[in-house]
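Single chain ahead, by itself, as structure tokens, in the form predicted on its own.
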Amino acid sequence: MEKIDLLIKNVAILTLDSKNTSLKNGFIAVKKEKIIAVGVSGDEKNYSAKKLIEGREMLALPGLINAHTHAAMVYFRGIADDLPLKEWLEKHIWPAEAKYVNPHFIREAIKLAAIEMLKSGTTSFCDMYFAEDEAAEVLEQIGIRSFLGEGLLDFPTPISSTPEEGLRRAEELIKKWQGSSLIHPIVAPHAPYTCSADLLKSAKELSDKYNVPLHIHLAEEKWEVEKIEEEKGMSPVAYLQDLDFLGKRTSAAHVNWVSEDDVKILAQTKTGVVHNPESNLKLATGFCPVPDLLSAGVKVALGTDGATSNNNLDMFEEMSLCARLHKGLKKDPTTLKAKEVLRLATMGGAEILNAQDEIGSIEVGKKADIILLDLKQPHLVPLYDLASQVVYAAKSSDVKTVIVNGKIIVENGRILTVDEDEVIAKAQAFAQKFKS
């Protein structure tokens, strides 16, 4: 018998592999950080595990991938609701960040975000914010896979006084963390309307130099598109193409206001798109044409955006809304089937982060990023189709076990790597300070 570290047996499995393989009663064998076997129940007798998980009445899924967020903004959750994006950002969020965001803030707030994501089944997330090196140290200890990019803007941020300092911090982050098993540095200029052409070019050069992902907000609001068209004489998508910014390592969040020509550019350049349905609806910024993007061959993933515009980091809610929203917009109930939406939240995120060989599905050789859902819930029975049940009926509270990089991080709904009560108490103390 082969000795392994973890065995999950008697479990239903949605692998999300290229064939959408599902098993009604299977097993998953894990050695160190990788999956070494996936099969039908009975064949697990060949393995002797240090840790055994009985998966009866459970469903195993690849860990969900939140492909766009600003995680530490959880400390500002609810401070400026029911406002348009420009007013929300310029009159409330940026002033709050200028006053409160510092390395200590990041270290404490990121803990709350990590707990929220892990307990709701997210094992990987892509983040654009500040003091990401501080965040990285905390996130590595907690054990969540993190794609982190220092936010780059033309004006001073709470951490960097100049764009040049921001770029220096971004490069230092890459040098320190590239090659880490859990922390994956990226380059993250904010948007075409907040970054000069020189800054965007420098960000792309940094991404090219170290072969790391490049992430940006793009065409989120109508006024943003009009501003770029007036200043540059072309759409934001065409403008980024003109700067040679787009490409297979580039992913763009939102992408709500795009033409047919823009979609063709995104497809031709192999640029990925991250759909943020809850944030888009709450800020009334527009609708990402996901079905059209997919039809054109554009890679699409799902993200929550920050908890100030969502107001949570729950990927189950994003899947549910995404599936329903586009049926309504297209007036076609066959648009974005459950399996397609589930793929957006798993392999879709892996692909736009160029991590599809390591995460996004339950397959031999991939990292063991796995979540287990409790199927014995009133809202999950009777059960006819696993993918449909996940997308249309499951809740994040159904997540009972979370495994990242082969390590159990959440067990029976309890996070094991950080003191949740202490983190919540500190968040509540910050709220009192903010209100006073």
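Treat the numbers as computed from the prediction; the structure is a model and nothing was measured. One rule holds for the numbers: they count along the sequence shown, beginning at 1.
Omitted from view is the form predicted in complex with a further copy of the same chain, to which the following refers.
Note on the interface: of 402-410, 36-44, 63-71, 386-394, the segment with non-hydrogen atoms within 4.5 angstroms of a further copy of the same chain in the model of the complex is 386-394. Proximity to a further copy of the same chain in the model of the complex, defined as a heavy atom within 4.5 Å, singles out one entry of 142, 131, 112, 225, which is 112.
Residue 116 is the only one of 97, 116, 220, 262 with a heavy atom lying within 4.5 Å of a further copy of the same chain in the model of the complex. Each of 83, 332 and 420 comes within 4.5 Å of a further copy of the same chain in the model of the complex, counting any heavy atom. Although the partner is absent here, residue 377 is a contact residue: one of its heavy atoms lies within 4.5 angstroms of a further copy of the same chain in the model of the complex. Within this chain, residue 311 lines the site of a further copy of the same chain in the model of the complex, having a heavy atom no more than 4.5 Å away. Within this chain, residue 282 lines the site of a further copy of the same chain in the model of the complex, having a heavy atom no more than 4.5 Å away. When contacts are judged by a 4.5 Å heavy atom cut-off, residue 427 counts as touching a further copy of the same chain in the model of the complex.
Applying a 4.5 Å heavy atom cutoff to a further copy of the same chain in the model of the complex picks out 314, 317, 320, 321, 324, 325, 327, 328, 329, 331, 332, 333 from 314-333, in order along the sequence.
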